[in-house]
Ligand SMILES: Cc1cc2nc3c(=O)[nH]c(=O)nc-3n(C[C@H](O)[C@H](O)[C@H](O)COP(=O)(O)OP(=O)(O)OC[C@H]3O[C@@H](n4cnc5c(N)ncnc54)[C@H](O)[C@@H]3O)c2cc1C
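Only one chain is shown below, in structure tokens, and it's the form predicted alone.
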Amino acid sequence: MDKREIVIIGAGPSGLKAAEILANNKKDVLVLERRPIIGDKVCAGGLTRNALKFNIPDSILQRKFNKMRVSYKNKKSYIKTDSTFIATVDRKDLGKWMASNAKKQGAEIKTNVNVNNIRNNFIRTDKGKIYFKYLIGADGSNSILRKHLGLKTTKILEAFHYVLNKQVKDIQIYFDVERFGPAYAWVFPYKNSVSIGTGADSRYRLKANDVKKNLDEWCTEMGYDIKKASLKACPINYDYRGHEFGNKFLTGDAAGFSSGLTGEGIYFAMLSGIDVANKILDKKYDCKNIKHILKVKRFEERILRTLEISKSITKIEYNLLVNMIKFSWFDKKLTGMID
């Protein structure tokens, strides 16, 4: 009979961060990852300045940027800082580094394990039954633990991107309301390639096929050759409905901690992993990081709702945004929000 103190489903940033902290505190931790490779996920790989405070080594970063180009129609502005405020990373490199940290503290990580069923104190996998004292669902937007808890998920972003073997100088954001609605297209450069993509809210008027068609047209207009590239997609859950359920917890995308406005989720995933781990270690812990996440999410979703009112209003807001970025005081305020 396999008995573990803490079982974590999913080896993403939140699950691995929780595993590292718990194992460092001498807890028996088992992480189960259904994929053969940790970190193999569709993601633009953007790390904000706050995420970089987790001492992520430069050796695994693809590119570092102190400015980002923001465009709307024929207008463009640059968000600028004196130091790095955003970097790109290959999610497999990030996953390998975080898994190594967790293992060094004593956590056990198993890949190619599918969790098929959850009960009050055990899970059933394709490798057998595992009993637990605590269970953490860090298994993304389609979390099996979230489904087991009966939580609805209606706030979903569908992210689509191409990865091209092409070198691009600047990290870029493009607003095109007719094609992408309140969302945006991104260009995130790596060392020898670039992620080009967009996203769409499942509740908005654009459907997946429309988004792909619009993205393809936009790529062609921008001079990106996508003929030999394959489009990859993944859901991003920003529908938070709780994270603590008795002896079961949700973190990262599984809990809905991603940003509904930007789609960014790595930093919030790590913060939520830290808080859930500390909550297991100390029942009186107040989850201050999660409180901060929820405060930011409420603010961002108020902005998102205004962008969804109508195309006309969205156009006015994006046109104003690109113009306002040219003012240094607004530039500083915006980079603070991006953090």
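Only a predicted model underlies this, so the values are computations on that prediction, with no experimental measurement involved. One-based numbering along the sequence shown.
The same protein has a further form, the form predicted together with the named molecule, not shown here; the description that follows concerns it.
Only one of 173-181, 249-257, 101-109, 210-218 lies within 4.5 Å of the named molecule in the model of the complex by heavy atoms, and it is 249-257. In the model of the complex, the named molecule lies farther than 4.5 Å from every heavy atom of T154. Contact between N114 and the named molecule in the model of the complex is found at the 4.5 Å heavy atom cutoff. Remark: A19 does not count among the residues lining the named molecule in the model of the complex, judged by a heavy atom distance of 4.5 Å or less. At the 4.5 Å threshold, heavy atoms of R91 reach the named molecule in the model of the complex. The partner is absent here; in the model of the complex, the one residue of I60, V42, L307, L30 having a heavy atom within 4.5 Å of the named molecule is V42. For the candidate set I130, L164, L231, C234, a heavy atom within 4.5 Å of the named molecule in the model of the complex is found for exactly one residue, namely C234. Shown here without the named molecule, the chain has I9, G10, A11, G12, P13, S14, G15, L32, E33, R34, R35 in 4-38 lying with a heavy atom within 4.5 Å of that partner in the model of the complex.
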